[in-house]
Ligand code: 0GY
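Encoded as structure tokens, the following chain is the form predicted alone, with no partner shown.
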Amino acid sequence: MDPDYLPFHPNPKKPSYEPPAGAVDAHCHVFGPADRFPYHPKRKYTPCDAPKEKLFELRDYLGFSRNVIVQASCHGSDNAALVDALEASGDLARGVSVLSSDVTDHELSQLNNAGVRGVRFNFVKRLVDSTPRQVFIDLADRVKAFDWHIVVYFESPDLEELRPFIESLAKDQVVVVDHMGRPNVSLGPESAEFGAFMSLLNENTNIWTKVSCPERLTQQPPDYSDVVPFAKALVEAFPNRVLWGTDWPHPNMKSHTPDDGTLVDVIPLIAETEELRKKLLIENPMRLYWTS
């Protein structure tokens, strides 16, 4: 593990908010264990081991029923740890993969059979090397046969440059934006920057977003109240296109160790009615990940 990297919380609090039966943690990860699933030699960071057993234990403790496990950059395009977790989940988990340009049709079929339902395109420069756009276009075309969606991860200053490309992907596939496009919360939810992100979703009905990761966005950890207005605005404006997740085990955190129980307690602050919470936690993720 990198010396300045914080491990996940060893003893999170029991949330005061109790998720409804069937709730989905729609953004989390598994890392390693490295002696069985080695990290990519060209990774930008080395996390602590965070195996499937710990993830499923946390799921049950927090009161969730299912997980969507997202392949993280430290494992590159080797999805072995992800597949192992999916196969052990008893159909209680789905996955989002990272793919290389030379992935075979057989490999895609195997991933689909294991429960993968999406491919992630990462544009965060500090986490990954640049990938030619044509590689992403070709991969997007290939996963259409499996009715997979696309997950994109970027930071808000890059939206203007990326917007035409993201919109081109969303013409005939669902595109899910990680972590609200990483807004600068110090600018406030009325900022032009966040307005551009709201516009992206307003003008493209195939684009969804995860209202996740207040621990990464806040300017006042561990108080996440400065992030709540952003997530709340998205939940209320696009109730059928939002997802929520813990982001466990919180890779690359340096400022503080997030308490996953505290993160769960943010949910009723961003989704104020039972109807909105059921859409956020059950209906939307089930529609995207468990219809096949």
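Heads up: residue numbers just count along the shown sequence, starting at 1. Bear in mind that the values here come from a model prediction, so they are computed numbers and not experimental data.
Keep in mind that the form predicted in complex with this ligand is not shown, yet the notes after this line are about it.
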### Message
Check R117 for me: does it contact this ligand in the predicted complex (non-hydrogen atoms, 4.5 angstroms)?
### Response
no
### Message
I'd like to know if F123 sits close to this ligand in the predicted complex, meaning any non-hydrogen atom pair within 4.5 angstroms.
### Response
no
#### Entry: 4.5 angstroms heavy atom contact with this ligand in the predicted complex for R142
no
### Message
Taking this ligand as it sits in the predicted complex, is Y45 near enough to touch it, meaning that at least one heavy atom pair lies within 4.5 angstroms?
### Response
yes
### Task
Name the single residue among L111, A93, A81, A72 that comes within 4.5 Å of this ligand in the predicted complex, judging by heavy atoms.
A72
### Task
Could you check which residue among A196, I137, L127, L187 gets a heavy atom within 4.5 Å of this ligand in the predicted complex?
L127
### Task
May I ask whether H29, R182 and D247 all come within 4.5 angstroms of this ligand in the predicted complex, judged by heavy atoms?
yes
### Summary
Exactly one listed stretch (261-269, 51-59, 233-241, 247-255) reaches within 4.5 angstroms of this ligand in the predicted complex by non-hydrogen atoms, and it is 247-255
### Message
Only counting heavy atoms and a 4.5 Å limit, does any residue of 258-292 reach this ligand in the predicted complex, and if so which ones?
### Response
none
